[in-house]
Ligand SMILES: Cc1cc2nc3c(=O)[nH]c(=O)nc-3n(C[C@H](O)[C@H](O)[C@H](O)COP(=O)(O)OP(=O)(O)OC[C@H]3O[C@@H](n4cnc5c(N)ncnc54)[C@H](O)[C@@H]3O)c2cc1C
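To begin, one chain is listed below as structure tokens, in the form predicted on its own.
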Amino acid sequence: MATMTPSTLRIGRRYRPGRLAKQYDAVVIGSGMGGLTSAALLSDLGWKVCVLEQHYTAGGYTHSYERNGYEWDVGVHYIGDVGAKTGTRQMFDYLSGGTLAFAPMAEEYDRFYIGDKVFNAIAGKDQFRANLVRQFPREEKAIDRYLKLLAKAGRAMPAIGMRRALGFWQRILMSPYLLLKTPRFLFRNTWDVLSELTDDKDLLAVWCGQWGDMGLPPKQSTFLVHAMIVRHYLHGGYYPVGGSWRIADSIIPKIQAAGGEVFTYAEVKEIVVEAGKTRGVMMKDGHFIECPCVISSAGVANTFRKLLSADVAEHAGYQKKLENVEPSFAHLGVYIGLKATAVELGLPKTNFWIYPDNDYDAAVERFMNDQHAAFPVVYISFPSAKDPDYLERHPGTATIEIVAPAPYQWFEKWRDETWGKRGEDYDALKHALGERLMEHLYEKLPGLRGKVDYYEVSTPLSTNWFGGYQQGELYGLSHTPKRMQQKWLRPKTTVPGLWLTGQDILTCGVTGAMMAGVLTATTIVGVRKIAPLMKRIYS
């Protein structure tokens, strides 16, 4: 994660007070997927929306950056459910005006290295099942029961979204229906649900092989979120053509068409609340943007601990509520550039998930207690192989990305140091961790040793510096069973005029944040006003 040279990847307009309109109908803090989706939908309803992004480029975790002639995506490694006319694809098509394309990955979209064994996930619901049965022929009944649970979870999602959008009395009236549609097993931890189906530890490990997509191993995560992730990729993985930065780039024109704008270098100091109502936002430069509707896509911890005054947050009850949630895992990123193409290097369109053994929770515990223990998961992505347009932008090159968990506490003592100037000890720690992760790459693809032209390492402090997440969390709030049952994690806050969006109010990932944006816009304007637009989108 580094400051880029000027390029098309710097999207959005640089903030200046003089560039602001005299009046806005809504101000959105943060240009991640949730914020942009809310802004785009409101814009299509005639609202003039101002999106404020503290980073030098818009997009949140969907942004890309360049260095030394290479380009990497910091958060988007694959997207599911976009290979056909699904609801997810229809929403992407609407937001982008049909300009955002997706390229399919390999049929084997995920490969799991579990100790000395190798398993995989194959695209297509029937193919996914057949592949599991082939790998575990004695577990066919357990596999079918598992797929039925996934289907039940899928059918529950509309009710879960409804629960967060409805007002208090509406929820009371609808509670029998909501309870019927959201069975309690969805909110148990993943391990407890799945271990009732089988005692085959390898099968359990394969089922949970994507736990890194939400950042919690199976004994800590909510089965609902596990099921949503697996279902999301049942028909394979896809990659945005042109890179993940194209997502925000394709949405911004819809906001601008209604007179709104997405501003970068626009850091909000405070959400101003007076007489119990939201009045607008105070910028870091001291400029006040008056607006009675403020939507925070900055994460609930940032919203209530950093952007609201302590007395307002306390009076609204959020200081107490925040004790029931915790940040998700922080992470390391390794960004690799090679002076040869993906084809020449034989790079796959398949993600690698590398585990020391099949006990994921034990591996996490060892690592959290001992920095020198094996990484509990190492994820390797090959973006230049996935993107058919990559060589148009960076001919003769290829890129690889590695992601692995790392506790924020390892780096906290350098928190107040300036990015890029944190000292030799910090650089030495980054280098040591980066070299360990590079060895995982060379172990799986030994032909790459000696062919790497450039690589750099990002730490949780990079996520804090560029993304604003205070503990470098990758997925906002941790997706524990307790978190998923917090009724206050919804778009409407108890502060009149203040709304929430993003992955903290629904589920993690690009699609989770996008659907949270839909939920927020719906809650703000009401079902009746947004229904014609939704009908047009999903026609």
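What you see is a predicted model; the values in this text were computed from it and never measured. Throughout, we count residues from 1 along the sequence that is shown.
The protein also exists as the form predicted in complex with the named molecule; that form is not presented, and the subsequent description refers to it.
Engineer: Could you tell me which stretch in 447 to 455, 294 to 302, 130 to 138, 112 to 120 has residues with non-hydrogen atoms within 4.5 Å of the named molecule in the predicted complex?
Structural biologist: Only one stretch qualifies here: 294 to 302.
Engineer: When the contact criterion is heavy atoms within 4.5 Å, does A513 count as touching the named molecule in the predicted complex?
Structural biologist: It does: once the named molecule is placed as it appears in the predicted complex, A513 has a heavy atom within 4.5 Å of it.
Engineer: Taking any heavy atom pair closer than or equal to 4.5 Å as contact, tell me whether Q503 reaches the named molecule in the predicted complex.
Structural biologist: Q503: contacts the named molecule in the predicted complex.
Engineer: Can you work out whether A266 and the named molecule are in contact in the predicted complex, taking contact to mean some heavy atom pair no more than 4.5 Å apart?
Structural biologist: Residue-level check for A266: yes, a contact with the named molecule.
Engineer: Tell me, yes or no, whether Y78 is in contact with the named molecule in the predicted complex, where a contact means a heavy atom of each within 4.5 Å.
Structural biologist: Result yes; Y78 sits at the interface with the named molecule in the predicted complex.
Engineer: Heavy atom within 4.5 Å of the named molecule in the predicted complex: which of V364, V403, V312, L194?
Structural biologist: Only one option qualifies, and that one is V403.
Engineer: What residues of 17 to 46, in sequence order, lie within 4.5 Å of the named molecule in the predicted complex by heavy atom?
Structural biologist: Sequence-ordered list: I29, G30, S31, G32, M33, G34, G35.
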